[in-house]
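Just the one chain here, the form predicted on its own, laid out as structure tokens.
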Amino acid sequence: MVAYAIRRLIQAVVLLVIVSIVTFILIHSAPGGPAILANPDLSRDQIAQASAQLGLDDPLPVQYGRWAGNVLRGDFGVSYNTIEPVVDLIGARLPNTLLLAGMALLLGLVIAIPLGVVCALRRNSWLDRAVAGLTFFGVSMPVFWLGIMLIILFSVQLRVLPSGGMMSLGEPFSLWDRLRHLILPVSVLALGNLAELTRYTRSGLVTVMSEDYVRTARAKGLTQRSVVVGHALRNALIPVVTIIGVMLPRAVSGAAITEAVFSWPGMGQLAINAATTRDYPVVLGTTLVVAAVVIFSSFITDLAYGYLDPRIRLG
């Protein structure tokens, strides 16, 4: 298991380096430049001087080497727009996005896995058909439309939940206030997770329950609970682990729409603002952090594979 983990870790580091190189080249090769250099009040000499100070006149390999060396020391540069360290900007936004994505994933897991197991054990029942319809609805529902509808219903019409933000302005911090602000965005993000996890859990368990070793366990006189929990569920969760490994990075990188709808101060809004103003250090920093989250999630997923099925790590 240790050798398997080391191999996967080396692959993850190499992949992260490749992502950083490709992102750096694409951003700096695109036409135009940072919005700060497009200020009409700046003369050509001032623009040239600013470009030289920012190091934008150097060849791309030199720029990348300088940036990568700073990143290894924990320095992601300074934002061209706000003149703040990129590390501080990301450090202020990343926990908010991880909180939102983590709560959505946790809610989906708590509901979806038991629901998928029940549907698999009661296949073709009215409950199975009803859940199938609801999951198709959850997968096909546009996130932005659902968010707006929930705001109209619970914030505008019923006035029971806040429409956006992380906390009520002008009020002291309270756990209940934070939870109230989490309910709507977490529900929107969790709906898609819930639908996918339920379907994968159901289909995986249905497939495993027809295997020979499950029939053997039943022939030994084991109870249904022992057969499902002790024999079938572990193998049925392998495809679910795959989905979980994809969902967390997807939520972190794809929560921009939800964050925009609910005015949630996370990485999505930071990345969008940086991209529209061509703020190179912030774009590179957010891309690298999101890539690291994606690669780390894949690494954890590989380790979970190796634990659930020893044939994977041996192969």
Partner chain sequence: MTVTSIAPGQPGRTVARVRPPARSFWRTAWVRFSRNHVAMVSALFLLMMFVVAAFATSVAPQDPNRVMILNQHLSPSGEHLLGTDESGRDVFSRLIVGARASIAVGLTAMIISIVIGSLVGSVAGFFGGFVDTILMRITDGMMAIPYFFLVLIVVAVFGSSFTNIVIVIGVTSWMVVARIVRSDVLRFRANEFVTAARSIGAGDGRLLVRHILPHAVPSILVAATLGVANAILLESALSFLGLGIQPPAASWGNMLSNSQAYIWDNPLLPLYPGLLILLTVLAFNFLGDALRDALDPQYREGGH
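Just so it is clear, the model here is predicted, and its values are computed rather than measured. Numbering follows the first chain given and starts at 1. The term rigid core refers to the maximal set of C-alpha atoms that superpose within 1.5 Å between the two forms.
Heads up, the form predicted together with the partner chain isn't pictured, but that's what we're talking about next.
The partner chain is not drawn, but in the model of the complex it has no heavy atom within 4.5 Å of S226. Under a 4.5 angstroms non-hydrogen atom cutoff, the partner chain in the model of the complex has A30 among its neighbouring residues. Proximity of P172 to the partner chain in the model of the complex: non-hydrogen atoms within 4.5 Å are absent; the residue sits far from the partner.
Although the partner is absent here, A304 sits far enough away that none of its heavy atoms falls within 4.5 Å of the partner chain in the model of the complex. Here is the short version: of I300, L15, I21, L9, the single residue with a heavy atom within 4.5 Å of the partner chain in the model of the complex is L15. Although the partner is absent from the chain shown here, none of A5, L115 and D177 has a heavy atom within 4.5 Å of the partner chain in the model of the complex.
For the stretch 122 to 146, the set of residues having any non-hydrogen atom within 4.5 angstroms of the partner chain in the model of the complex comprises R123, N124, D128, R129, G133, F136, F137, V139, S140, M141, P142, V143, F144, W145, in sequence order. After superposition on the rigid core, the Cα atom of V208 is displaced by 2 Å or more between the shown form and the other one.
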